[in-house]
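Below sits a lone chain in structure tokens, taken as the form predicted alone.
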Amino acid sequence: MPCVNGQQYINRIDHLKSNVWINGQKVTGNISEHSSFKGIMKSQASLYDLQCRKDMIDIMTYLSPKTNERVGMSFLQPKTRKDLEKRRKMIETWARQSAGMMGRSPDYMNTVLMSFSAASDLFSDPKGKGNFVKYYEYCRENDLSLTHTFINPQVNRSSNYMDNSNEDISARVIDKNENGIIVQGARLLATQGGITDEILVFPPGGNQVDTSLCYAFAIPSNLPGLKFLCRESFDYRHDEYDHPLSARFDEMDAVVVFDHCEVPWERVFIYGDPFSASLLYSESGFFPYQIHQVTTKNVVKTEFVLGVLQSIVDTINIGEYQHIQEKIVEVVMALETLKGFLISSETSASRDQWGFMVPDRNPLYAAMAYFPKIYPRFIEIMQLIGASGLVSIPTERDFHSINQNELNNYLQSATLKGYERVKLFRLASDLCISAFGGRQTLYERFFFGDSARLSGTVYREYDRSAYVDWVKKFLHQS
């Protein structure tokens, strides 16, 4: 079938009846109607609706090479720089729907699938390779939504820790049979866990010596034995005036528990093969494609932050002050830097050994290390500019009470009545001091991992040899 619309997405997830727990209770009935999931599922559905609009079809979709039907543009394996631009425009369009607040919109995992499929020769097992290519095509042709997990539980983060306890903590392969492998244990941290069609499970990276932890597979979210244990919801009151971001875009995070899950062999891509697992990350286009998608989203998110900040400045008429101008310009500089990284990666893109056009890694690695440092500064700037206005925010009900006239009078600004002023400041508050805002900041800090590790990656991967050679030649000039 071609790309799906929002109602089709919701119907599929409701039909799964996945094993999802939140606040100590199992979700029963339609998960799309549950108070902790209905906001984000409605927002996700709007993305699928957008790709089905006639006026957006050429931006959001392309013709499948297999069926000639319209499929999502984020599945496109780029062969030209124009293809990279097409992907970016599609990602931008979806990101604008959520102001960049949905880090796990479907295009993220679609990009992961696309990048691994484009480098499928790195799967050393022919069956694993064939399984993955078929799975990529299956997801593309059916427009499946995916969550994923790469991370083992953080029991002990010392460098020499080995998970060798009597109980299986990190999800591992404990047995196999003619039907598939048996997986037992847990994985972190599935964002949107329980509200997607399937879950993709890959090795956490690095040099894995324990082959029972070295696997890759994909399974339906309702596979027997699979359970999602969710954190507390940050969508507190489902009111878009009071909580304009968290009521719509709180992507749930979940611990994934595998209780003797039997993964069919046709869904197994890697099994007991550390070599293939490491090559998939290091030798494929996974990182540049992934960072290209994420940086596109981050550009949109930065534009939104800048818009909120300037709206506050205009509303309370503080644009004349130089310290305010300086803070706004910090965000402007960051925005233009991110845009520069993104465009540079496309203009310097090159084909890999399989003929696919891969964005230049160098500017993208810089973007990867840069955004986790600058986004918390955005939040600090918003707190500094918003100040007490971020807590002088009565609810919409207050404005419909007998106190309406007083609130409109006492909370007015240079340009807005109290109701509209508070609406703006509630948006800023949801972005920079709420639980949702705190989760967004933490998410951006650690999206690609610890900042020191990111810097180490850039140090190792960024080729500086030409500049060193230049210096050597310069010193030997007469």
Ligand SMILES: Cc1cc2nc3c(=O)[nH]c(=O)nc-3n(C[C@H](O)[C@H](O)[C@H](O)COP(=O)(O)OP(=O)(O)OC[C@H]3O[C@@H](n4cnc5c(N)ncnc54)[C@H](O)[C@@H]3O)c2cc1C
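So that there is no doubt, residue numbering starts at 1 and follows the sequence shown. Computed from a predicted structure; not experimentally measured.
Below, we refer to the form predicted together with the ligand, which is not included among the displayed structures.
Sole residue of E346, D253, D273, E262 within 4.5 Å of the ligand in the predicted bound form, by heavy atom:
Checked against the cut-off, the match is D253.
Using a 4.5 Å cut on heavy atoms, which of R53, K42, K417, R453 is close to the ligand in the predicted bound form?
That would be R453.
Is F447 close to the ligand in the predicted bound form, meaning a heavy atom pair under 4.5 Å apart or at it?
F447: contacts the ligand in the predicted bound form.
Hey, in the predicted bound form, does R439 get a heavy atom within 4.5 angstroms of the ligand?
Residue-level check for R439: yes, a contact with the ligand.
How about Q353 - does it come within 4.5 Å of the ligand in the predicted bound form, if we only consider non-hydrogen atoms?
Close contact is absent here: in the predicted bound form, Q353 is far from the ligand, nothing within 4.5 Å, heavy atoms only.
My question is simply whether T111 lines the interface with the ligand in the predicted bound form - judged by any non-hydrogen atom within 4.5 Å.
Result no; T111 lies far from the ligand in the predicted bound form.
Stretch in contact, per heavy atom within 4.5 angstroms of the ligand in the predicted bound form, of 183 to 191, 315 to 323, 376 to 384, 356 to 364
Of the stretches listed, the one contacting the partner is 183 to 191.
Within 72 to 107, the residues that have a heavy atom no more than 4.5 Å from the ligand in the predicted bound form:
Only a single residue, R104, comes within 4.5 Å of the partner.
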